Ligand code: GDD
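One chain comes next, on its own, written out as structure tokens in the form predicted on its own.
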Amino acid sequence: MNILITGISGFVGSYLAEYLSEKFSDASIFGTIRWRSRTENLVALNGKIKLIECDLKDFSSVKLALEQSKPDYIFHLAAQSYVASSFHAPQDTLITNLTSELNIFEACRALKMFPIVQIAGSSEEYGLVYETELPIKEENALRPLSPYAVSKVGQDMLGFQYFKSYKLPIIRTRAFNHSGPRRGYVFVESNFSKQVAEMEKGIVPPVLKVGNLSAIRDYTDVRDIVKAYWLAAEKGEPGEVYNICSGKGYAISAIVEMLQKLSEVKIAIESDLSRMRPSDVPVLIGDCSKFKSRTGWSPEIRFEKTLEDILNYWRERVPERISTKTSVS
């Protein structure tokens, strides 16, 4: 069995590669990287995966990657995935996310390949959700509130169109917020944890800088998410879309409170206007009964444990404060 993971060096991609390499010892796992990709997340996978340098925005490069990997499964995870950045670089976000996926589909067609393709969509596609629509089901209207969310709606619909038009076995997933150790520090729960780790080591004052604390998100541990992605590819019905989530919402303020309890120092809170978005999704709580019924999946790791693991991850990586005092002998 040959498996291709786009964006394998990223947060979710590296966890998925670890999970699949342990689950299928005889599988050949390939992953796309860019020449400038940071590969520290792949250290534990040395010798277990095969990396292919590939610019997903270039059709010839993507076609060559598929020729080399001959995949039975493609997990398309590579994307510009930071919502805040999409407001500053909307064009790049749309071009990167849509063109990359289109090239994968067209390369499959050109090579007459029909691998099962799992598309990693996002709960951000739902955008503006009304209280009467909670918890969110797959049939809910899509009202994206960021360029990133618009790009994900485009990927979602493109996957549906290529399934209908060309019978490519594409399975669409809409994962709600997911986190864990190795999460990029630009994401709120990881950013807060890194700030706390720096406070504990005296690098910064014990003042947590925050943005919108009223937003509510549905969190799942990344280690549960990658299991869901495999089950989606293995048991999902091509052409269908599935929510993947815990079904439980947490206000960002609750994350702050959890970190305050886990911290070794007393933390004050300070609002930072630079952390506010032009528009923010107020609440995202999902219903994944459709996916659970199809696959039997259920999340196992509690969010409190996820957050503790993220904080410990940063505690190990934040350097000790270097004293500026000089000794006199």
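Quick caveat, the model's predicted, so the values are computed rather than measured. Residue positions are given as counts along the sequence shown, with the first one as 1.
What follows is about the form predicted together with this ligand, which we do not show.
Figure note: of the listed segments 186 to 194, 230 to 238, 105 to 113, 153 to 161, the one touching this ligand in the predicted bound form, with heavy atoms no more than 4.5 Å away, is 186 to 194. Proximity of F30, I74 and E101 to this ligand in the predicted bound form is absent: no residue of the three has a non-hydrogen atom within 4.5 angstroms.
Of the listed positions (N140, S122, S246, T96), a single one reaches within 4.5 angstroms of this ligand by any non-hydrogen atom in the predicted bound form, namely S122. Checking A175, V222, I136, L145 for any heavy atom within 4.5 Å of this ligand in the predicted bound form turns up a single hit: A175. This ligand is not drawn, but in the predicted bound form it has a heavy atom within 4.5 Å of I252.
In the predicted bound form, D287 stays away from this ligand, with no heavy atom inside 4.5 Å.
The closest heavy atom approach of P90 to this ligand in the predicted bound form falls outside 4.5 Å.
Using a 4.5 Å cutoff between non-hydrogen atoms, Y82 counts as a contact of this ligand in the predicted bound form. Along 192 to 213, these residues reach a heavy atom to within 4.5 Å of this ligand in the predicted bound form: F192, K209, V210, G211, N212.
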